[in-house]
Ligand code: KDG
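Shown here is one chain on its own, the form predicted alone, set out as structure tokens.
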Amino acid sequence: MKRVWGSVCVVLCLVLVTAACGTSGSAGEAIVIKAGIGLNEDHPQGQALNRFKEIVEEKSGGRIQVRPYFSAQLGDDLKMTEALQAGVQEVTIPSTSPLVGIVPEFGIFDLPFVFDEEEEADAVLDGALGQKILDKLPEHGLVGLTYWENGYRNLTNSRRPVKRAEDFRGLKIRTMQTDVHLDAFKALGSNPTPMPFSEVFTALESGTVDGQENPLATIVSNKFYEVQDYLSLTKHVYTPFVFLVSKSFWDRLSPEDQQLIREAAIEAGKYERELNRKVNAESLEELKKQGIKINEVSPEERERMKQIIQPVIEKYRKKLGEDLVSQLFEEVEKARNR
């Protein structure tokens, strides 16, 4: 009988310890945040996640611990987002594109050739429109704290340089699973092929696809130059990251801990944007050293590409909402004229 009661006591103690060291609670309680991303630790996003960890643990005196997971260890962006909704993971920082199936309004950031400069994107994302879309997340079990930067997407492929709109024709290009991306690449004559990011290198290596499109830092950190011959600086889409928190976790936090985590996410996000822009410039030089053939796309040719896909933009203006898309272009124009 003593042995039975002893076992019961051990189980009860474990439950109490788990509760005390769990992932939420009032101020003063120990908290563990499981934070996963799809990119590797060397990428600016990975370095910024480590910065977030440092800020949170320092400001909380070590009471709040952040456990980072890189390189899709916890699954791709969509799986990690679903894990947040289920309450089994606390933080992830996906691109906006995979979130379109949850909040369709995120699709405005998939519209091609919207932002000419990063500063225009900063103004929109950190302004009223960016917050308006973040405010739609809680009803889906998510809380959006701020935007980080993925950056301008550029095209690589193994067949030819893409200097003109016609050069897209016949290329099998890995894209994200978003309707805007798919329709835009189809309009340019290519064959868009969605697949999880973790499968891209192997698909390029095997010739399953001819090319892919991502920011320069991602192209370097994932060594796509080893299996690609051409880089075309198309800058066709600017993609943000969204710092997401599980709502079930967030709602159990004290207001003080919520503020600490929000401020840490914003501070780490500013660091990430600055680092990402620095690394993108360095990445271009690194790609030159690696021998990949690089070509610019002239402003005139980018304008031609934009005109070719204009019917796609008009289609999604109606799908995403006339008012929302108009607000986007109004805020971009306002930022452009500052």
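Since this is a predicted model, take the numbers as computed values, not measurements. Heads up: residue numbers just count along the shown sequence, starting at 1.
Beyond what is shown, the protein has a form predicted together with the ligand; the following relates to that form.
For the three residues Ile102, Gly144 and Phe243, a heavy atom within 4.5 Å of the ligand turns up in the predicted complex in no case. The shortest heavy atom separation between His236 and the ligand in the predicted complex exceeds 4.5 Å. When contacts are judged by a 4.5 Å heavy atom cut-off, Pro94 counts as touching the ligand in the predicted complex. Though the partner is left out of this view, Asp77 does reach within 4.5 Å of the ligand in the predicted complex, counting heavy atoms only.
In the predicted complex, the ligand sits within 4.5 Å of a heavy atom of Asn214. From the list 150 to 158, 118 to 126, 257 to 265, 104 to 112, the contact stretch for the ligand in the predicted complex under a 4.5 Å heavy atom rule is 150 to 158. Think of it this way: in the predicted complex, the ligand has a heavy atom of just one of Met176, Val180, Leu253, Leu231 within 4.5 Å, and the residue is Met176. The partner is absent here, but in the predicted complex a heavy atom of Leu39, alone among Ile31, Ala35, Val279, Leu39, sits within 4.5 Å of the ligand. Residues in 262 to 279 all lack a heavy atom within 4.5 Å of the ligand in the predicted complex.
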